[in-house]
Ligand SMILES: CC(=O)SCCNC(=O)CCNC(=O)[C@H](O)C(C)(C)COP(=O)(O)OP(=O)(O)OC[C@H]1O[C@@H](n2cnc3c(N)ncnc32)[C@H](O)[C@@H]1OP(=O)(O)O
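Single chain ahead, by itself, as structure tokens, in the form predicted alone.
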């Protein structure tokens, strides 16, 4: 374990100094694409205008015989495009794979100045982050980079969940953590073959009425991922990094996708993965506070004055804790509205109506 006074020291001579605070920019959707797929690559310039984060995927969903083509494709795409305010991320292959070393060496030295975040799959403990941290510092120094690359871990093994707090605090590079439900389900030996979302068999049932144990008993489907997401959110909040829901695999079921994303949003996640263009709009909608919620938050903040004491607003008691909750919503709305005139107008109109 490093001494606290050395935590923010560069891990290689000539490497840029680590960041002391993670940049918080809109990342409502992390949109995945295969950089080795020419049809997908051709859509990148247009996609970059629609998403907060564009991620070139090198790991799952890329066949073994196409790994090198995907890596080369990402280099070419990064060099050929100006992404503006859209962040460019990549997901490298797992640390136990034969491809990850070449992924990191090639990407950092070739396009390290274009990349913002490197997503590392199947992180099992702080030791995995420490390995990547040192290697990135050496490669940054070699490439002459002036800005450190950030690291994002995927929570997709039982060991990762057990060690999530130490993972979140393992390096100043840690940008955030995503839930990886499919691999995590396999690691835990869960009996579901779905990629995220609920399961009709995971339910609770109302009590029986009388002697009939079947009639009139309503069932309610439960969230398989509630515990893991909540624990991940706590670990991220404790260390000042950002939590994300991962993939929702049933592309056709846009209703359940929106429900799953909203559950994650309400629990504290700032975004989710989008695997298909249809999920981009869902993530943008869900992870942007509604105009009515923003208007209420701004009203409470305004009527609470200096934020102390308590007031009654529409029959509801508000106090200093309420103000803290409302500031979370209002500050997120302000950050999103800064780059979205349409959203800003909707928020301002709702607030004007609420404040009279």
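Residue numbers count along the first chain shown, from 1. The model shown is predicted, which means the values in this text are computed figures rather than measured ones.
The same protein also has a form predicted in complex with the ligand, omitted here; what follows describes it.
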Next item on the list: Could you work out which of 49, 316, 43, 63 is the residue within 4.5 angstroms of the ligand in the predicted bound form, going by heavy atoms?
Entry: 43
Margin query: Counting any non-hydrogen atom inside 4.5 Å, which residue from 262, 199, 284, 276 sits next to the ligand in the predicted bound form?
Written below: 276
Note to self: How about residue 195 - does it come within 4.5 Å of the ligand in the predicted bound form, if we only consider non-hydrogen atoms?
What the structure shows: yes
Notebook entry, point to check: residue 32: heavy atom within 4.5 Å of the ligand in the predicted bound form?
Noted result: yes
Margin query: How about residue 148 - does it come within 4.5 Å of the ligand in the predicted bound form, if we only consider non-hydrogen atoms?
Written below: no
Notebook entry, point to check: Are any of the heavy atoms in residue 91 no more than 4.5 Å from a heavy atom of the ligand in the predicted bound form?
Noted result: yes
Item checked: Segment that reaches the ligand in the predicted bound form - one of 101 to 109, 268 to 276, 231 to 239, 132 to 140, heavy atoms within 4.5 Å -> 268 to 276
Next item on the list: Flag this candidate site as yes only if 26, 86 and 343 all have a heavy atom within 4.5 Å of the ligand in the predicted bound form; otherwise mark no.
Entry: no
Item checked: Any residue of 166 to 182 that, in the predicted bound form, places a heavy atom within 4.5 Å of the ligand -> 182
